[in-house]
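Before any questions on how it binds or moves, here is one chain, the form predicted alone, in structure tokens.
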């Protein structure tokens, strides 16, 4: 399994800037209460904690059958979504498929589809996409839990129009997949009219940023050849390790081996010590997109104006993404010698693989007549990236900058599933520590309402009046 090493966050390593054993023990004493509160809340249908049980009770036969039916028959799978309906899809694809997957031939992809994710409404991006995609060989999966997401609908309408013009109305429906609420919303209305090949339910008790292990992320993953059974198996392993099936945890050991609780605890303690920035820095291109996924998960869940009692508190750690080794040359100067207000989370990979096969790239010995002997000759990129990672970690630790490491024995469906579940659960724990609702996003709604008003949507006229006052 993946491992969490937080030694470089303790006073033993970074002195007074770190966390003492006593501070950690105080949080261990709170564990049973916090953990059992989350489990109890998950039984409330009105609280979106359904993601806790996705690895246990999810039926994926329908997804697997769909993926099998599309294999070899189509070339492209297009996800139309935004935020939680897109970032997880991108992260899974980046981590588990070849970096140049979309450039591989159908044979080299074993018939699995290429993946494109349209998660913004930039007109230049859309123009380029429309001009270069073979729409006749394309499956479109439009995803919106509410079924009314303005960006996703706008993109879908444009793609549907192009699809109809190329294959006709009857055939167009065969290339559309809708993922939305079971009963309500514009997309559900379209699905009920039969305007799709297949429709999937986004569980009502699963929020968008927690939905990657639901049909939201699993459909596109399966259609590109990701083993979603193993992905869910990895998530289940982490859930069991963290005691999710226990209503009240009495076993003291679980407090110490639960990486989700430790991750949340360390971040919360440092937040109170004015270290309110959390930098996720993977030493792997494959894991880089998970920094984007984590940014939404952490920011939207924990950035809140009020606590659960309505008291104004304005809390929330700020997530930042970085990439090792690239950002050693752009951000580490600030992290080591700038304000000591951050915690760095390294994502480390023990064994680099592609499609399950070990990858090692050797730096060759070059012609001595042209090149003077160099210390790099004969080494590997594997050795280089690991040395850079160790060097950066030690450098930060010596400067008393807190850092922890999440280690992957290798990147595969199992470890990625563990990682996703660990951070989702850590977010829930952190929400309890901050005494906030980690599962809503009220700060997003007002901007949406102003947008609807500017677009002329009925029922939002009052917001247009507010906008006119601001524009004056």
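Numbering follows the first chain given and starts at 1. Here the structure is a predicted model, which means the values were calculated and not measured.
The same protein has a further form, the form predicted together with 5-phosphoarabinonic acid (PA5), not shown here; the description that follows concerns it.
Though 5-phosphoarabinonic acid (PA5) is absent from this view, in the model of the complex it lies within 4.5 Å of a heavy atom of just one residue from 82, 325, 195, 135, which is 82. Of the candidates 304, 342, 209, 114, 209 is the one whose heavy atoms come within 4.5 Å of 5-phosphoarabinonic acid (PA5) in the model of the complex; the others do not. Though the partner is left out of this view, residue 437 does not reach within 4.5 Å of 5-phosphoarabinonic acid (PA5) in the model of the complex, counting heavy atoms only. At the 4.5 Å threshold, heavy atoms of residue 146 reach 5-phosphoarabinonic acid (PA5) in the model of the complex.
Although the partner is absent here, residue 405 sits far enough away that none of its heavy atoms falls within 4.5 Å of 5-phosphoarabinonic acid (PA5) in the model of the complex. For residue 42, no non-hydrogen atom is located within 4.5 Å of 5-phosphoarabinonic acid (PA5) in the model of the complex, even though that partner is not displayed. Heavy atoms within 4.5 Å of 5-phosphoarabinonic acid (PA5) in the model of the complex are found in one stretch of 326-334, 201-209, 161-169, 387-395, which is 201-209. Remark: all three candidate residues (296, 300 and 441) come within 4.5 Å of 5-phosphoarabinonic acid (PA5) in the model of the complex, counting heavy atoms only.
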